[in-house]
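One chain comes next, on its own, written as structure tokens: the form predicted alone.
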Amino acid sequence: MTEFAYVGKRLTKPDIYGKVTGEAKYTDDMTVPSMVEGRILASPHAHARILRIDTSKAAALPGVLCVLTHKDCPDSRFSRSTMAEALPEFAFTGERQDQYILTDKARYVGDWIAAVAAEDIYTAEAALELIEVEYELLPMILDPHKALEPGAPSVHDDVAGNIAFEMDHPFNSGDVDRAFAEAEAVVEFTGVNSRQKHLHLETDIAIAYHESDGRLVIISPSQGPHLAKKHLTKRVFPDLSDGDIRWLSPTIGGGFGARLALGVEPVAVLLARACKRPVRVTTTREEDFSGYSSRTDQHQTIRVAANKDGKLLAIEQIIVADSGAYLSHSATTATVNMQKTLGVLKCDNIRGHLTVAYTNTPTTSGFRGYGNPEGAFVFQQALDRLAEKIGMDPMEFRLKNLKVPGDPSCFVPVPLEHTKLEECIHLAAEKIGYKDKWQGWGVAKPGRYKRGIGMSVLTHASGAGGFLLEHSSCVMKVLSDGALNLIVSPCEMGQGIIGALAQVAAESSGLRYEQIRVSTGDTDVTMFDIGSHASRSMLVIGNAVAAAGVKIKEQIRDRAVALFAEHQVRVTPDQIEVRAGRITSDAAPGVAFDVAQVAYAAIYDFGSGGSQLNASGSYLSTSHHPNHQAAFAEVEVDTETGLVTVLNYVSAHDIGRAINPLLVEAQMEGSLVQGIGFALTEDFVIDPDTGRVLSDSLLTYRLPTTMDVPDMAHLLVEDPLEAGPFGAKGCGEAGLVNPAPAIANAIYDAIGVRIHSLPMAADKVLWALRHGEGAAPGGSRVSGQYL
């Protein structure tokens, strides 16, 4: 195996020091001369038409510069999701432009009614209280199933039956009905996930202002500023064009998918254009909860069938997703759910159908895993139930139905190129001691505290080649001291992509890692990229960086020939090695140079041909290059309180090659903790009588703490992917997919009762223990409630 200088090494992230010392600058740390403060008035009603709005008292308040309503907005509708700009128009119609910046009809508690710009934040907030609004209250609908019933109140007057989107799975295959009819075992499982909140540390914020030349500058934490800029000009402010906007995205306090959509940027632009001053629009934590956005709650019924030998014969998945008041990412997340759920295991007969319903609740969106965790929670429990019915070990059942290279991948028409899922299962099972701990189906555990073990498997994408506009580019230039300036546009939101790309840049160019200087976050400087999501950055951007690095190394070799000649050594470029900033050749033992000598001579030596070493790299991905993972959870259930404690968790990840194993493990650790919150504690509760979000603070919405973190191990199965940069696949999202279903299956192993909705909180588990899952209350009234 090739011995790399930096790839595969546990190196420190270059941006860590600013975050540890507090010197890193976030959007809220930014100030612009003469900047004023913007605030937004939100609707207190879930469904109401504005009959009269009087802003005169607010506008007359000293210090107020402008007060805007729906009458001041562009007459063009848009979506918070920017993904429409990355989708081929002929391929998918799940993007609906359905809202204005400020509305004349509130569709959820928190919908934006008016905006104020004032000299200071206190005056802006005082002005909000002086805006008089007379509402006509309309009947509200909070439940997606009831929203689809005939006669339900219409959330959007131009959408019949509140159907925001509906489709069959595009890759339905086989004869599903016949397979179910002939199968020896058929089971069904129904479940719903809660609306998990992203809860990035930095709430929604944006600054907008005009430069002296009239160009608009936007500063905000965006996961995809190039795509956001395109969306803003095409859909929101069509009088602007690409070159009219410069988008700056400084240090980001977390994203998890929330920054993949527009936040308050349109309001900041609207106010800046009206008052002709730089405007910063901020939101509170409570507003962040009640406004946009959260994971889409997807209500699913999954039916699976097998023969007595454990061959999976058929899968049927029916999804009803709740978009909330506006569609945003909810259709695409439900589509991805179908792709991953119906595509993870080998099965000839698959059928899926999804319906996305509008309701008068806050808009839902994309969240780490993008539909995959939602599907896995239900599907992996359905698989266990089927294994139990035929009397087979759940691990053996999954092993029997694994895909191999050449089988259809989760994007069915594309064959699976590479998988190490079987190795992942065996490795993780051995590490946690599965064979000793799983005692068989229906084995009663003694005592108050009962332990159980469960598992789950997944496939996830490294980008969405063939589905999205999946390409990235970068620029490199070598400075006179041998440092390399890498200009590239990933979003560093804590996942460590800047450091990983620096390792790829150093390895491919032959320069030292410590001398890689990454410039990012400025659309005027960086080249096009669709943003950090879909676990794409390492594979797609990494390949662009590797391509540019190879060109830099070629230039160094070409110029180094002259250096060897000065030492009376004749070598050709292909006889020269460039590694870790040093230039050597086997043809000249004992002769070595520093890359800085070549870089300096290129710029400053007269007569040397004078040009700076520079290169660009681009990469177009045409496949999604799935990564895979197996995970096992061991839990303890207190049968007197219902409290579930995760004792031990082991995952094994098919990573291709880990560019930085430390960062990959950190991704798995962080996503596990987020997954435990998704599984056990994080509940987004909406008042069924008012539509108001009740879990609107960090006290009422329970995140896991360090006390909830179990013993864990994250094992990396490395087998380089040919298409990956140095063999790497993506990994950022996969760690959040398996925790909920693995914990759910472990709970069943412990107490013999299945939980059908997330989170599997103590009161819910206790209720199921006392009444049985079959006696659970009926359909969910509101997202996250009992099923």
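Just so you know, these numbers come straight off a predicted model, no measurement behind them. Start at 1 with the first residue shown and count on from there.
Although it is not shown, the form predicted together with another copy of the chain is what the next lines describe.
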item: Heavy atom within 4.5 Å of another copy of the chain in the model of the complex - residue from Ala127, Ala147, Ile319, Leu468; value: Leu468
item: Selected contact from Leu479, Met712, Leu703, Val569, since only one has a non-hydrogen atom within 4.5 angstroms of another copy of the chain in the model of the complex; value: Leu479
item: Options 333 to 341, 504 to 512, 99 to 107, 239 to 247; stretch whose heavy atom lies within 4.5 Å of another copy of the chain in the model of the complex; value: 239 to 247
item: Gln439, heavy atom within 4.5 angstroms of another copy of the chain in the model of the complex; value: no
item: Proximity of Pro33 to another copy of the chain in the model of the complex, heavy atoms at 4.5 Å; value: yes
item: Contact test in the model of the complex: Phe528 vs another copy of the chain, heavy atoms, 4.5 Å; value: yes
item: Proximity of Asp143 to another copy of the chain in the model of the complex, heavy atoms at 4.5 Å; value: no
item: Stretch 210 to 246 - residues with a heavy atom within 4.5 Å of another copy of the chain in the model of the complex; value: His210, Glu211, Ser212, Asp213, Arg215, His226, Leu227, Lys229, Lys230, Ser241, Asp242, Gly243, Asp244
